[in-house]
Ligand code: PCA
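Listed next as structure tokens is one chain, alone, in the form predicted alone.
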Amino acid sequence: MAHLRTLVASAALTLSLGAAPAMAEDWTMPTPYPDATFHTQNIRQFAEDVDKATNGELKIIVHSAGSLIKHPEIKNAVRGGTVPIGEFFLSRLANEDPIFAVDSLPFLATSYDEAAKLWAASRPKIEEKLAEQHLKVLYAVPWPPQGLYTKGAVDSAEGLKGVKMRSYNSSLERLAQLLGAVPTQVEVPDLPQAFATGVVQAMITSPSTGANSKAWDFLDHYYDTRAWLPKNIVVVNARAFDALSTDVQKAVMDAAAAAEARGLEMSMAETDAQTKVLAENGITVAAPSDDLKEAFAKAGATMAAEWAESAGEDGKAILDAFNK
């Protein structure tokens, strides 16, 4: 009788274990930008979509503004498995391979339609390169077109000679050099102090970054150069992704596709809204002078030629696909 009771108890335990729901999993996600930034807002919606689609089986816990891991370390943190997922500015990887800098080439893609076309042309090769580092691409979203911010008016290219210009990747460093400026690396959270102390005197970035960092507190001019539309990219550790069930993997990819489409719309709305915010807070918003536009175009042509040479056959294939 005791033996029978043991069998019954064992069977009940087996049934109970078999009926148990899948274990919930938390993914910690570092991002580099503040909560006010539309990229971060989009990521938080992405996390909510994943939570809802998986019935809580996968929760993505977002740590914004570099609060968990600083921007330069996010990619390697995901690669090494310190965190399973993260966001970073794609062209920060340009020193690893010139392919990663294609969206930051000045005057190659200067509208949202062209930026989307360039992403479609370059995504397969970018995915291939990142897969070699055990990273899986989920989605990418462009920033608004990049403009020139300065402390004081700059009416000609001569006005940039010797100016300390913020750089955040090798492409912008090269552009600063071609313009005669002095490239200086500064992260977004450090911008107010950097301008206040004279570490930098100019920067090229989006209306979003300018408005979110309250650029009017430390500079006074914005030139709408619409030079290029660089992207933030969200990647996941391939091993962490592969460990998910098929259903959860699909939920993540579906949410990623929705985030990419939603992020594009948010970026477009952001361009108009944040440019108005700059003006409303006292920044002089203007088109660049013909002389400045000519200098940018000349520098951009030089950089495009240099990039094509350094990127080799992969770069040529991307440009051919983009120019079709």
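The numbering used is simple: start at 1 and walk along the sequence shown. All figures in this text were calculated on a predicted structure; none of them were measured in a lab.
Although it is not shown, the form predicted in complex with pyroglutamic acid (PCA) is what the next lines describe.
Against pyroglutamic acid (PCA) in the model of the complex, would Val154 count as a contact residue? Criterion: heavy atoms within 4.5 Å.
Val154 lies outside the contact set for pyroglutamic acid (PCA).
Considering non-hydrogen atoms and a 4.5 Å limit, does pyroglutamic acid (PCA) approach Ser171 in the model of the complex?
Answer no; every heavy atom of Ser171 is more than 4.5 Å from pyroglutamic acid (PCA) in the model of the complex.
In the model of the complex, is there a heavy atom of pyroglutamic acid (PCA) that lies within 4.5 Å of any heavy atom of Thr209, even though the partner is absent here?
Close contact exists here: in the model of the complex, Thr209 approaches pyroglutamic acid (PCA) to within 4.5 Å, heavy atoms only.
Tell me, yes or no, whether Val83 is in contact with pyroglutamic acid (PCA) in the model of the complex, where a contact means a heavy atom of each within 4.5 Å.
Taking the distances in the model of the complex, the answer for Val83 is no, it never comes within 4.5 Å of pyroglutamic acid (PCA).
In the model of the complex, do Arg166, Thr205 and Pro230 all put a heavy atom within 4.5 Å of pyroglutamic acid (PCA)?
Spot residues vs pyroglutamic acid (PCA): full contact, yes.
Note which of Val188, Ala238, Leu244, Leu219 lies within 4.5 Å of pyroglutamic acid (PCA) in the model of the complex, where distance is taken over heavy atoms; exactly one does.
Looking at Val188, Ala238, Leu244, Leu219 one by one, just Val188 meets the 4.5 Å heavy-atom criterion.
Counting any non-hydrogen atom inside 4.5 Å, which residue from Phe88, Trp143, Tyr223, Phe100 sits next to pyroglutamic acid (PCA) in the model of the complex?
Only one option qualifies, and that one is Trp143.
What stretch, of 109-117, 74-82, 143-151, 248-256, brings heavy atoms to within 4.5 Å of pyroglutamic acid (PCA) in the model of the complex?
Of the options given, it is 143-151.
From first to last in sequence, which residues of 23-46 have any non-hydrogen atom within 4.5 angstroms of pyroglutamic acid (PCA) in the model of the complex?
Going through 23-46 in order - heavy atoms within 4.5 Å of pyroglutamic acid (PCA) in the model of the complex - there is one hit, Tyr33.
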